[in-house]
Each structure stands twice: as C-alpha cells, then as structure tokens.
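Single chain ahead, written as structure tokens, the form predicted on its own.
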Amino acid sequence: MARMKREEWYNIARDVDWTRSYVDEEAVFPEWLSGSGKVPREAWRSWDEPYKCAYSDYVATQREKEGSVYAVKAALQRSNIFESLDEGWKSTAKVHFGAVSLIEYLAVLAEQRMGRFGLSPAWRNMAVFGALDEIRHTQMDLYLAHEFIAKDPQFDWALKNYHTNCWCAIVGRATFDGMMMNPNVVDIAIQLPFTFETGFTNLQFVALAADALDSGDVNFANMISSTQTDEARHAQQGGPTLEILMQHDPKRAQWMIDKTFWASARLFSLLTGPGMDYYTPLEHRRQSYKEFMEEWIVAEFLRLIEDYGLKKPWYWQEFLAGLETWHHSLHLGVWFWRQTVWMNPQGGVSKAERAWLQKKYPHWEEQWGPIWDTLIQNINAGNMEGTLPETLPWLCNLCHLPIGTAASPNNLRYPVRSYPLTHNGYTYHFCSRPCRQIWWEDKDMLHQKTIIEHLLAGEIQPPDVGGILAWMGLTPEIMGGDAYKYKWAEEYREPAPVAGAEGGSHA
C-alpha cells in the first residue's frame, strides 16, 4: 500500500481536537490556566506554527543530534582538553551549568503546561516537542557537567545550585518562576518562547558556542549548538500566539513583552556580560557584550516586535544606558563577593584587558578604574581582607540583584540610588524604575523574599558573612576565589628601589 505524502496527512494528525459532550469546556481548559482573556475561544483555531514537524521527523533529527554530541564527548574523554582550558573560560562553563541546567527542566514543565492547556491542538502538538527538547537539554547539561566533578567539585553545582539558598539561585527562581510557573499558558508563550528564547537564548547560545570554540572547549561548543537548534524551533510557539493576542488585546501583549524583556536583560547582564567581557581570554573575544547586544538584541529584537505592531518598551533609554554599566557593576560585585558563588571569577583587569575595555567602553576607566586600583593595591600589599566583604549589599525586591548595579559610581544620568515603594505599611526597594513598576503591577504574584529580608528576619544565624555562606550552602571547597590566584595584579606592583639610585645607599 502506497504511503501518503506528509502534506496530505500532517494537518489531520496535528489537529486532534473534538467537541466534548461529557464535560464543560471550562473544566477542560480553565481560564486561569488557558488565559484566553479577551481573545474569543474560536480565534485560537487560526493558530499556525511556521515550523512544521512530524514526530517521525523529530525523532530522526534528534537522534542524529544526540549521536553527534555524545560522539564528540567520547572522543574528548581520551584527551587532556580539560586541563588545557583557560581558567576564566572554565568559570564561564560553571556559570552556564549552574544557572541553566535545572532551568531547562523548569522549561519542561512550562512546555507541558502549554501542551495541556493551549487552546489550539497545533499549539499543544508543538509544545509536546518543546517539552522533549527541554528534557534533552537538561540531560545534556547535567551529563557533561558530571564528567568534571572528580576534577573540580564546583561542577557539582550544575545540579545543586537551585536546591540551595545561593543568591544566584534566588535570582534565577524569582525570574523564571514568574516567566514559566506563575502565568497562564498564553502569557507563558509570550514570555518564554517569544521574548526570552527568541530574543535572548537563541542569540546567547550562538555567541557562547563561538566563544567556547575559540577557547578550545569543543565539547561545550557542540552541546550549546545542539541546544540552540532546538530552541530555534520550539521558540516559534510565541509568534502565532502573539499574532492572535495582538488582534484582540494588544495592550496585554505589549506589557508581557516589556516586563519580560527587562527581566531578561537584567539577568543576562549577570550571566553573559562578564563571560564575554572578562572571562573569555582576550585573544578570543570577537565582540564586546555591548556590541553583541546592540547587533542581536537592540536591532533584531526591536525590528521583530515592531513587525508585530508593538512599540519599543517605555524604559528603552535606561536599557541602552545599562549596556554601558550593568554587567561591569555585576562583574565587580561577583568578584568582590566571590565567596558567595560556585566558580572562580576572573578579575579580567590586567593592563591589556583594561585597554580593551576602555576602547569598547570609553568611560570604563573613569567609572570602574579607581575601584579596581584600590583592590589591586590591597592585593599587592598582602591585605586580602581589603578585597573581601564584611556584609551583603541591599537587594532589589524584583530582580534580586544588588541595588546600584543598574548604574555605575559616576553615571550622572542614571546615578546609583534606590527606588523605594511603600505598600501595606512595608517599604520595598528597587534597583531601577522599571523594576519598581513591574513589581507594582505583578505584586500579587511575587512571593520571593530577598536574602537581606531573610537576614533581618533572623532566619540566618549567625547574622554575619560566615552564617550567610552556610545558609547559602557554600562550603570551603566550593566557595569561589580568583581564577588566576591574583597573578594578574603583579604587573601593577611597583618595582623595589634599586641600591645606589638617588635617595638610596651609596658606597
């Protein structure tokens, strides 16, 4: 019997839906989960994915990808590539594994929710593939990271991070719970596949794969590239959902994109910015973080949302200004509070690196140079206590990043300051006006206390740095130190006086 061509059966197979006579429609697709809102239920029948994929095609493609990733891994296991990798790049890999591995699993749950409560059978079909993708990504991240645990216990935090109270884990949970777990499926589709995956992760993975390859980490580059091709496919769930939402409730669409873009930009300035501008070896840096964001996010994502009839977010100038400052502030903070992270931050401020930073960011020396000069003086004087904190900074009640990191010490247009808001007799503090506005609109869905609030509530004992580190789950063999053991500071050391020189001893 002749087989039917795919175009003859595909639409029938993907359109598995029926009229239920035994149960009310609202019971099957409750509004609080399906989130149709102002969109009529019948409007979802026009949902149409641009990337057509049958299950047989999906399995064949994924099998080929899996074979490629694990073949490369098996070949590299017989080499000493890990030992030859730059220490700064290793920290980039640790950041990725610890920050991303279990978020990939959280995305499984978000995809499954869309696969159950999406109001189009075509959408539900695509979401099932998306859930399978995210399971695969979780497994790859954890499997590849596990290989290195025997050589470096910090890689164990690929699995452990989100099970702790580490401040980075709290930042991630606050951001991604609001993006994937709290909303209905329409809002998930706008926030996760469209804004986050189309606008950020696809492009992030492209840059990270290139940097990994240049740094000699072929295994990591291959894994990231394999993940990115999946993201590019299932991220397309956002477009059809946005098209329908724009026809019936454009104000809602604009708000969902605006708030998710801001939260994503703040998060990526922590996850990606330092890796590109400080951890990647100088000779392998293709673009600065600012250049990358301007090319791929500012230009491409803005064009994308304008194609759908959306406006640029109301905070656009603050976002553009943040490209000059955010990740520099956060990098400095991570290095200074290096005991609170599971990797070894690279200072990244040797004389050659500072020259590169000054070229890419014309105000870098003015804004950050004096702070690093003080730290360098303390290092070279043997005063290591002067390079370590005695307490924690105040944290933003929305993004949970330190207040002050949305600006810089000498940024006159957006100075370092708190943006407070009093609600029900309690004063909340925010790093920026957008964080404050987003919190106000979503306050009924936000329940994550900052570490400072835990500290003030007496939940961290003893209430000092040692107690905070123990509460975060950081043990001495995990706590971060400088990636190069401060060797980069030696070139700043003043030469010892030469005997016989002016002012010295004479024969």
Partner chain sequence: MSQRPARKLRTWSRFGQIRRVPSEYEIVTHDTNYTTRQGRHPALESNPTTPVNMWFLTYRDYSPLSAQDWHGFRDPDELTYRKYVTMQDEQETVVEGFLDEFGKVNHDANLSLQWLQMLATVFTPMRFPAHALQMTQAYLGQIAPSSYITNCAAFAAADLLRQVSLVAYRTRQLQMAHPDVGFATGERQIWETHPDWQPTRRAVETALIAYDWGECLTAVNLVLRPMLSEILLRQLGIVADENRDQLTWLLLSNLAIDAERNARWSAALARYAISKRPENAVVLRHWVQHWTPKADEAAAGLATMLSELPEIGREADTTITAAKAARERVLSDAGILTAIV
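Positions refer to the first chain, counted from 1. Keep in mind it's a predicted model, so treat the numbers as computed, not measured.
What follows is about the form predicted in complex with its partner chain, which we do not show.
Taken together, the three residues Ala60, Asn125 and His447 all lie with some non-hydrogen atom within 4.5 angstroms of its partner chain in the model of the complex.
For the chain shown alone, Ile305 is not a contact residue for its partner chain in the model of the complex, no non-hydrogen atom being within 4.5 angstroms.
Not displayed here, its partner chain is approached by Ala150 to within 4.5 Å at the level of heavy atoms in the model of the complex. At a distance threshold of 4.5 angstroms between non-hydrogen atoms, Asp48 is out of contact with its partner chain in the model of the complex. Taking non-hydrogen atoms only, Arg136 approaches its partner chain to within 4.5 angstroms in the model of the complex. Though its partner chain is absent from this view, in the model of the complex it lies within 4.5 Å of a heavy atom of just one residue from Gly404, Gly115, Gly348, Pro240, which is Gly115.
Screening Asp177, Glu295, Glu87, Asp373 for any heavy atom within 4.5 Å of its partner chain in the model of the complex leaves a single hit, Asp177. Partner proximity in the model of the complex, defined as non-hydrogen atoms within 4.5 angstroms of its partner chain, places exactly one of 161 to 169, 258 to 266, 321 to 329, 356 to 364 at the interface: 161 to 169.
For the stretch 27 to 63, the set of residues having any non-hydrogen atom within 4.5 angstroms of its partner chain in the model of the complex comprises Ala27, Val28, Phe29, Pro30, Trp32, Leu33, Tyr55, Ser56, Tyr58, Val59, Ala60, Gln62, Arg63, in sequence order.
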